[in-house]
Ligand SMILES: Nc1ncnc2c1ncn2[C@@H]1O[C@H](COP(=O)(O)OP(=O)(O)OP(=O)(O)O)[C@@H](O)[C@H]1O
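Below, in structure tokens: the form predicted alone, a single chain.
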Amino acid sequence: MNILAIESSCDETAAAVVSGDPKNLDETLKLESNVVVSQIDIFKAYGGVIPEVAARSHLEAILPVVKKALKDADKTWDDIDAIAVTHTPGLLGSLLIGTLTARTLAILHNKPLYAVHHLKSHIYANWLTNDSLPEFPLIALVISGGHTQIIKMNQHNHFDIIGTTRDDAVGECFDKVAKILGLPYPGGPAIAEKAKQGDPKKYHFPHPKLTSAPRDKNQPDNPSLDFSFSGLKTAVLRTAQEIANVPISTPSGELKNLLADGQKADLAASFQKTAIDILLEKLGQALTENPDVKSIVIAGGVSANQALRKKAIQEFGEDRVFFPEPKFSGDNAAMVGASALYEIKSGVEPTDPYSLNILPRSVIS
């Protein structure tokens, strides 16, 4: 079975052809082509994504990207059995371009359409190229610019969100700290590179202590699996202002001109260490509360961070922790195709391409 997959949730226009036998996907899943056109160079000048600009860029690129994905896979429309597309979450204008394109192509070529959840796709990037595959039940840590979640999966296509961020996502925090330090967008790679020159123990930033209310009001609050990164971002800002010897009313955009290069490196290294420690502390707590878990899947753009990968393997074991290849950590269509194939394996029915209300078709609680 050949799936043409389309991804346009943010600032990457992507298409891929993924093949496999739904009855035996773990053995037959194969990536035939993977094309990604990134808008990073456009948004470096702005320090972040501008939704309207992103949508217009998708509109220009999407049909050439689809055409190239088919060509690279050496497939024609007669070879394609279904179309998959990211339908949520993401930037509204960007998603609109991708879903309208996929729906139109599904109607024109009479192909079934699968509307795929973006975060599910990040998880399934771990099934694309690993020599060994995760075992169920598993815990997935999904970390990106827009999301930070801990998800338990007892089987394919069943997701139980057991922890989420209460404010900023960790990737967003990386971007904002990078901007404070005058580092380029995207912030994740920039912080990681700068951190190599710094001392991760130079500055000590707080770890949030979140709790959840117990069922019995007479009992103390329970430790929560939720995240909070807003305080960490503010702590970096206040420390940078203190180092620069300026009042807290000083705009963050001025600090890059007041900090020495070594100070920026130490701040980047200390921030990165703290963010990673927070992520892995919560992951460790989730494993303690779910002793039946066999595998750990870490996914999303932040999963490409090499310091995170190294420490996760040290703490939880190389045989137990799974990461996607770095090229599949960010947004891409290959992961959308893999997710769609596992939906088909799970018996999910296709979406009506004529429907304006494209809803998720998996079990998410």
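Quick note: we count residues from 1 along the sequence shown, nothing fancier. Owing to the predicted nature of the structure, the values given are computational and were not obtained by experimental measurement.
This next part talks about the form predicted in complex with the named molecule, which is not shown.
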Taking 4.5 Å between heavy atoms as the contact cutoff, choose which of 182, 112, 200, 146 touches the named molecule in the model of the complex. 146
So if I measure heavy atom distances to the named molecule in the model of the complex, which of the stretches 322-330, 64-72, 23-31, 51-59 falls within 4.5 Å? 322-330
If we define contact as a non-hydrogen atom of the residue within 4.5 angstroms of the partner, is residue 174 a contact of the named molecule in the model of the complex? yes
Is residue 87 close enough to the named molecule in the model of the complex to count, meaning some heavy atom within 4.5 Å? no
Although the named molecule is absent from this view, report whether residue 187 comes within 4.5 Å of it in the model of the complex, heavy atoms only. yes
Hey, in the model of the complex, does residue 192 get a heavy atom within 4.5 angstroms of the named molecule? yes
Residues in 97-125 that come within 4.5 Å of the named molecule in the model of the complex by at least one heavy atom, in order, are 118, 119, 122
